[in-house]
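Just the one chain here, the form predicted on its own, laid out as structure tokens.
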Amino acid sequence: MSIKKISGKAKLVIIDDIDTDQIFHQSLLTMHDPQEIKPHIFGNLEGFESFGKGNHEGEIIVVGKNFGKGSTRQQAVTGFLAHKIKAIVGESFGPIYYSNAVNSGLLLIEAPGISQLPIDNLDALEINIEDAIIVNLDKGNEIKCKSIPKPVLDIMEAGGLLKLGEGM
């Protein structure tokens, strides 16, 4: 399998500095089952408390700067995987969150300036991985994103670091 293009409907959560506690509250850290985690995603983020209870399968989440800053809370990645989102596109990501997401097979795409691009909820987005371009198909505008390094793509294509290791 080779990831070349990804498409999905946009879900906007364009807020800077969302930390892992806002993604998944620390009081719930005893949960490890993805389906139990799923309804609690963004449960501690003002204005998005009911996000986790919705259906987000196939969506592309668009976020602001420094998304996922803070702790190494794995549930903050697992919940998005349980929702079966296609990717999270953001201005930038917390380094620990980025590493956890990649290792788990959650595609994060850095696109400086994405929060300034005219995008509405449910706009159709297409991400061309090879050319590093995100296109808003509904509005006809596009933005360059950072290229995804080949080792990261290899992990994504395998479905996570552990699955990549199984294939070797």
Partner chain sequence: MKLGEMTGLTIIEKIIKTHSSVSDEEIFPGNIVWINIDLVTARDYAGPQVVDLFQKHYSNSKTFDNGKIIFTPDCYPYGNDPKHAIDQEKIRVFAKEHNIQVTDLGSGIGSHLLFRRGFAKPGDIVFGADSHYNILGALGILGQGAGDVMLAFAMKTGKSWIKIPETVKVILKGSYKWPTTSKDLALFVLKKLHEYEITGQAVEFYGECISELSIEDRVTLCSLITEASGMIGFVPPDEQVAEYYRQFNINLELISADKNAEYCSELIIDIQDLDLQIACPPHPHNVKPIDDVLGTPINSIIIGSCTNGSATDIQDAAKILKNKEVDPDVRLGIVPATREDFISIHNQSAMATILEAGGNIFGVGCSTCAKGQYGLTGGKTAVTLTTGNRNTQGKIGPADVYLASPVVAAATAIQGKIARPKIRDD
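Here the structure is a predicted model, which means the values were calculated and not measured. Numbering follows the first chain given and starts at 1.
Keep in mind that the form predicted together with its partner chain is missing from the display, and what follows is about it.
Engineer: Looking at Ser27, Asn141, Asn121, Asn55, which has any heavy atom no more than 4.5 Å from its partner chain in the model of the complex?
Structural biologist: For this set of options, the contacting one is Ser27.
Engineer: Let me know the one among Asn136, Ser104, Ser115, Asn128 whose heavy atoms come within 4.5 Å of its partner chain in the model of the complex, would you?
Structural biologist: After the contact test, the surviving option is Ser104.
Engineer: Does at least one non-hydrogen atom of His83 fall within 4.5 angstroms of its partner chain in the model of the complex?
Structural biologist: No, no contact at 4.5 Å.
Engineer: Indicate whether Ile6 is a 4.5 Å heavy atom neighbour of its partner chain in the model of the complex.
Structural biologist: No, Ile6 sits far enough from its partner chain in the model of the complex that none of its heavy atoms falls within 4.5 Å.
Engineer: Using 4.5 Å between non-hydrogen atoms, is Val13 touching its partner chain in the model of the complex?
Structural biologist: Val13 lies outside the contact set for its partner chain.
Engineer: Is Gly43 near its partner chain? Define near as a heavy atom within 4.5 Å, in the model of the complex.
Structural biologist: Flag for Gly43 set to no.
Engineer: Give, in sequence order, every residue of 31 to 67 that has a heavy atom within 4.5 Å of its partner chain in the model of the complex, or say none if there are no such residues.
Structural biologist: Those in contact are Met31, His32, Asn44, Lys65, Asn66.
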